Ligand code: NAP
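Only one chain is shown below, in structure tokens, and it's the form predicted alone.
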């Protein structure tokens, strides 16, 4: 494939390409550009030129196009889901769900964009007024991770386009194809040339150029904390706006009176979804000591029901995307074992004819963990969870907050008041109490501490793609 610029496929000026492979088999099934700085200049010039016209298009017209784009996503959800499953290795049913939920978010942003308003303060000064208006921020660079490429894209795309921004998407090298197809569908929906462009390539080749380019007004990034810190530092040097949704090692607190019939299945499902490859998965489990052994037993039994295999086989989990993502699961498990933890299930790379060509790691529970172990301190981004006992709620909160991350946290407590009190004390951008739902489209999502800057979703997310301008006038 080629870069998608000005509504058409464009060969990279670099002249070089990289492989896209199936994580289950290792088979290379497509090639995409490894772009260079000249390609960055081309795509940014296209987007900047388009922005000058797009920002003047009435919001109602933008809304019609955005709803049409979302509808095309739904109509092609099986095709897109199969492409995503092939490049990511996640079970195909979950990939199709991602496409449809992303279409829903795109529709939500459309309606929220129609509700944006300015203000006129009532100063009551004869012949004078001040207007506060919102204007689109400009060209947005979207840089996204491999794990939920369409969900992460639409968190940025839907907000940017409805406010009048244009967008340049730089998807992960490992899962670019689904994003490229989305761009093609939005072009089919009728979006003008250059409003939604896609450039592919390695971050080390084009990342800095995209962030610092003179036409870049904002960088919306989802990915690792180290990369996010670099982007933030570069952006600050050029006074660029940023939204950074970064890493996490999310804790859950299970109180003595928690309903384990509800808690255990919810925890297992959330911990091991997408082979643990998402930023707000549960990585640290704190359980009140009086129910600790019973909880570990139940969680192990529930985890044993999960199946691992080919993404088109109907299994619960696929492989890790790459050796790089696989290694932390192996290393943190080995570290915990060395320091005296119990591995109640999993813990070793899966072997056999269906596993040998992919990076398959089973769902793994590390019992009797403590904060000397890497599993309780470092982001795993894999299907491994550490379980540790606590004596009282204050201790549990202190342990949960003892982290550089603050993206999400979870609580199960029979007494709702205690659960809410714990939720208020936890240092995280989102906290779930007594269930683990998907994050809603109309509420903000983002982290504290080293889990990021800014918020996506809801009106809070859409407002971040606008600039406030005050206009004083006399009459």
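Positions refer to the first chain, counted from 1. These numbers come from a predicted model, not from an experiment.
Keep in mind that the form predicted in complex with this ligand is missing from the display, and what follows is about it.
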According to a 4.5 angstroms non-hydrogen atom cut-off, is residue 386 in contact with this ligand in the model of the complex?
no
Answer for residue 79 alone: is it within 4.5 Å of this ligand in the model of the complex, judged on heavy atom distances?
no
Can any non-hydrogen atom of residue 379 be found within 4.5 angstroms of this ligand in the model of the complex?
yes
May I ask you to state whether residue 70 is within 4.5 Å of this ligand in the model of the complex, using heavy atom distances?
no
Please identify the residue among 279, 254, 95, 336 with any heavy atom within 4.5 Å of this ligand in the model of the complex.
279
Exactly one of 147, 302, 344, 393 comes within 4.5 Å of this ligand in the model of the complex through a heavy atom, and that residue is 147
This ligand in the model of the complex: contacting segment from 320 to 328, 81 to 89, 307 to 315, 97 to 105, heavy atom within 4.5 Å
320 to 328
Stretch 234 to 254 - residues with a heavy atom within 4.5 Å of this ligand in the model of the complex
245, 246, 247, 248
